[in-house]
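Heads up, the chain shows up twice below as structure tokens, two forms, tagged structure 1 and structure 2.
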Structure 1
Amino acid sequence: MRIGIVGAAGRMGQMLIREVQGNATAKLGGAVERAGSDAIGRDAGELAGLGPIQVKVGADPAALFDACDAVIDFTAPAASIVHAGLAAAKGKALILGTTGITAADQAKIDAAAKSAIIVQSTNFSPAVVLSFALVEEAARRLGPDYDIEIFEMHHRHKVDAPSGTALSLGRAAAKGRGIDFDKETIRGRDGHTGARPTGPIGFSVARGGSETGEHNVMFLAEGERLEIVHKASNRQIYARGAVRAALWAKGQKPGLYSMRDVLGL
């Protein structure tokens, strides 16, 4: 399967190149970077620390979609909307891991999925995706007597907060509890806040250093606490999951899918 990478010069892009090259059932069909990048024209393998693989980094996403069966995108919302449109126009698969997507952005992705196979997830780690299901079930079983607090920590360069994964965990908890996520969250606490209200899902965030990612969903009641925790020590887990999703997408019908579909959850 020919897999293309956008954002090839970034940390995630380089990991994806290495992961595709190391997979016996996949082939790197191309790689692109934004216009003006110093990476354009370089060998993608050398860029990723593999040595030359005879695939040059380009600047034309449309040409990348022409050359590949699936494209993996962990870039930025504005670019991802363009890539979703290209996937729809060319009938190709798009594996989308971009976070910070707005409701307006999502509407465009949903529209593109009518003609393209789009696997979208805020996190491509199979273990994290399983944690979504565990959180939903715990929230359903434990009920409103347990306060739900979500803590997440990432490296100092991450630009969105809470993380897309933390928000997905919150939505899973809200679904399990049967509440409206958009109306039942606490995003910040400062000063004299008063007692914690019953019901809302709380979020707290830390940023610093080179932390790969930690997510902790806590269910707290009088006398006990249940924690569902995932700690990542290497970003390669996300690249591995994204390539797994790309291989799964082959032969699927156009539509919007998630890693839950890939894992059969």
Structure 2
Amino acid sequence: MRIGIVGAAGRMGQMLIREVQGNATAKLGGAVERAGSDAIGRDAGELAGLGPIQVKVGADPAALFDACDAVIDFTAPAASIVHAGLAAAKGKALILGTTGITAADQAKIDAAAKSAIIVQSTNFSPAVVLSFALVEEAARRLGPDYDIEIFEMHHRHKVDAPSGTALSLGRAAAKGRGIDFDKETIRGRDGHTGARPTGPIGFSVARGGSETGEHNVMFLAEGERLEIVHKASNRQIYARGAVRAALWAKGQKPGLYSMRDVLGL
């Protein structure tokens, strides 16, 4: 299985090169950066801190798609649209982790998935994706006697709150409980708040230091508490999940898939 990496010099790109190189069933089919990048012409292994692997970083994504079975893309929305078009034109697989995709761009990705195999996820950690399913199921089975509270903690540089993953966990809980997420949440408490109402999903947030990310979904009832907790200690989990998705994509029919499909959920 030949896997190509676009955005090879990026934080995720370098991790992806290391992950493909360390995977016995995958082979690095090539690596590409944006035109003008200092990384072009450098050895991809050296760029990723592995030492030379005789794969030079190129600037031609079309040639990369020709040389590979699947391409992994953690770059920027404008680039990812181009890559989705190339995957469609060449009938290849694209593993898409870029975030911040607008609805208009998503429509182009959806169209490309008519002829390409696209696995798209805003979180490629298999454990996080599984936790969405666990939270949905717990909310469905436990019912409204259990108050749902979601706590998340991230490093001091994170600018948005709650995290996108916390909101996805909330949406999964709302789906399981059968409530409208957009209307039934509590976002932060301060002062005389009154007693907790039954039903809405509560959020709380901590920021500080270098925490990679922790999410804790609590189901609280009289006399007991169930917690579904995920703790990330580095971003390699996303690269590992993306390589797993690339290996899974081999032999699939064209279409738009998610990590839920990869995990068989």
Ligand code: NAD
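Only residues modelled in both forms are compared. These numbers come from a predicted model, not from an experiment. Residue indices: 1-based, along structure 1. Under this definition, the rigid core comprises the largest set of C-alpha atoms superposing within 1.5 Å between the forms.
The first of the two standalone chains is derived from the form predicted alone. Treating the motion between the two structures as two rigid parts, with each C-alpha given to the better-fitting one, puts residue 48 and residue 150 in two different parts. Superposition of the larger rigid part on its C-alpha atoms leaves the smaller part rotated by 21 degrees between the two structures.
The two forms, fitted on their core, place the C-alpha of residue 184 7.4 Å apart, compared between the two structures.
Taking the core as the reference frame, the CA atom of residue 197 shifts 10.2 angstrom between the two structures. Taking the core as reference, just one block of three or more adjacent residues between the two structures has all its Cα positions offset by 2 Å or more: 134-231.
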